[in-house]
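A single chain comes next, written as structure tokens; it is the form predicted alone.
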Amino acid sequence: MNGWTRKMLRVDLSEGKTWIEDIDEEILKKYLGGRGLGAYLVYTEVPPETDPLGEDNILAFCNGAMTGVQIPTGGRSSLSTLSPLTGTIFDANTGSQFGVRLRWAGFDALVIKGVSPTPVWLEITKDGAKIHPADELWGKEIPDTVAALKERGTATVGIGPAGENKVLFASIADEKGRSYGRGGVGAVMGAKNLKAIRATGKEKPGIADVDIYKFVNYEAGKMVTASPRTSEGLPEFGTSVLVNLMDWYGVLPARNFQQGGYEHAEEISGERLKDDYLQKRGACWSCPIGCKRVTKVGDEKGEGPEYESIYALGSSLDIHNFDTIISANYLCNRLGMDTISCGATIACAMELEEKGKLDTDLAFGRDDLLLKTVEDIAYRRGLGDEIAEGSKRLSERYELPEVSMQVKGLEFPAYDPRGMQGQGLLYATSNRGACHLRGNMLGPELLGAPKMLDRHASSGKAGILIVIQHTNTVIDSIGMCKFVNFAIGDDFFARLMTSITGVKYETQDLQLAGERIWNLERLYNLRAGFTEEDDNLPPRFLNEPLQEGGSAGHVVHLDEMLEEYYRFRGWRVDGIPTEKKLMALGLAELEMEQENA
């Protein structure tokens, strides 16, 4: 199998040991790599009762067969762990070159466990891993950390003060802010006293069938160039182009989802970002799309903000000073925090203040307090220490849990589900909590891709959502970007996988693999104590219709969609996969092994 190295690098920080081992060929065939391989490793090695910030949790950096291969968007990698924010199995995904360099060093996975007694950083080469002291790096922001370790032909990711202080939504990022972003993966790394990882790799992966690879890759490139979304919309405006469109539909969240539209949307739009702040476009490795925005405010340059960050640090807080929003985005990247959970938890605090539960000056519209608040969170100062625990814990502390906009502990992204019924079902059923990257219904419900559905209809959404969930799982597992799916589909993924790995994949094989991985993640969460009661939405979306805007008068009709969803998945009425389904996916024996462990 040329497309996989079949090598895993292991590091035990408690023991100060590193070693290399082979990955079972059948595991790679069944779980594809990336997110799939990470899910298998967490499922088999991390019992759900494990302390996420303890030595027995793992950080599993996993590459797909496409990672580091010169194909459209072949620069993605995945990180899996037990989340300290949600308590669920969790994976984060990035376009940082770290995954590429790890792959070029000859490793499909890097698995780290244990806790170092002192701060350290890891150096990865083709010969394995070396553990170095990092006392002089501890306390530094991410760009300074990466700069201290920068060498030609290497790529580094690290944590900032937020990860060191175990902020439950801390991220792991490179110097450009490309992050393993959500779920508190940076807190797991900080708890291990691991400051940074540098990968040095130069040898590109082999190709099983070069002729077929060249042909399919050429055809895929043509389709990316031909698609207006991947050749015009995303390159021209990036994801921030969605601000005005989502506002028009009435699904741009404002004031912690109390509004489904924002009167100042034009002031924080992608068009304004392009006109007033853009310096140049940016792209991940081997990406022809180039959706990244390199911007400048004052004397500082950085990447972003993305659409999600504009919502979280802008409209959700009733802040429309774009300079402040962009600076807050830069600051989150430097300190190492997920912008979505950071902004959404600040919004939760603002609503607690509004409702008289929290005595603070931090209120909707206070743009003058935003940057200080972000810093206070990273360094756990004052109210920032409470916000650092995430919105679920914050709202429960002040006895008003309904103002936390989260599912399974993960804060909402920038689409109000009252204007997108299928998106509401997605949030409720996502294995890692409220997440638009687990099967985004933006395409079929708002953009007409692959076809336009009635966004307010609840029936018939489960089937298409399940297919999208499986496709997104596959993309996360093979090492490509979801944006490429606007141009190419499962047939191209299957042909690329076949040509690169030498393993024959049909479209249905990849969909089956996606379903297998999704069900494995579900099984883990069930073992962790999650039930069908957790496949739910905050009561605001179920009981409080929007009062104005393009989605006024609507709530989410979740119950009828959820019943259909379980039935279509072959699960019981309580959301538990049936024995027949597990047998069909090849998971029954694995589940039995874990139950008997």
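Owing to the predicted nature of the structure, the values given are computational and were not obtained by experimental measurement. Throughout, we count residues from 1 along the sequence that is shown.
Here the subject shifts to the form predicted together with another copy of the chain, a form of this protein not shown in this document.
Of the heavy atoms in residue 118, none are within 4.5 Å of another copy of the chain in the predicted bound form. Although the partner is absent here, residue 222 is a contact residue: one of its heavy atoms lies within 4.5 angstroms of another copy of the chain in the predicted bound form.
The shortest heavy atom separation between residue 208 and another copy of the chain in the predicted bound form exceeds 4.5 Å.
Mapping the unseen interface onto this chain, residue 459 counts among the residues with a heavy atom inside 4.5 Å of another copy of the chain in the predicted bound form. Between 222-230, 276-284, 372-380, 135-143, the stretch whose residues reach within 4.5 angstroms of another copy of the chain in the predicted bound form through a non-hydrogen atom is 222-230. Proximity to another copy of the chain in the predicted bound form, defined as a heavy atom within 4.5 Å, singles out one entry of 244, 258, 471, 154, which is 471. For the candidate set 321, 200, 511, 193, a heavy atom within 4.5 Å of another copy of the chain in the predicted bound form is found for exactly one residue, namely 511. Taking a 4.5 Å heavy atom cutoff to another copy of the chain in the predicted bound form, the contacting residues in 478-517 are 485, 490, 491, 492, 495, 507, 508, 511.
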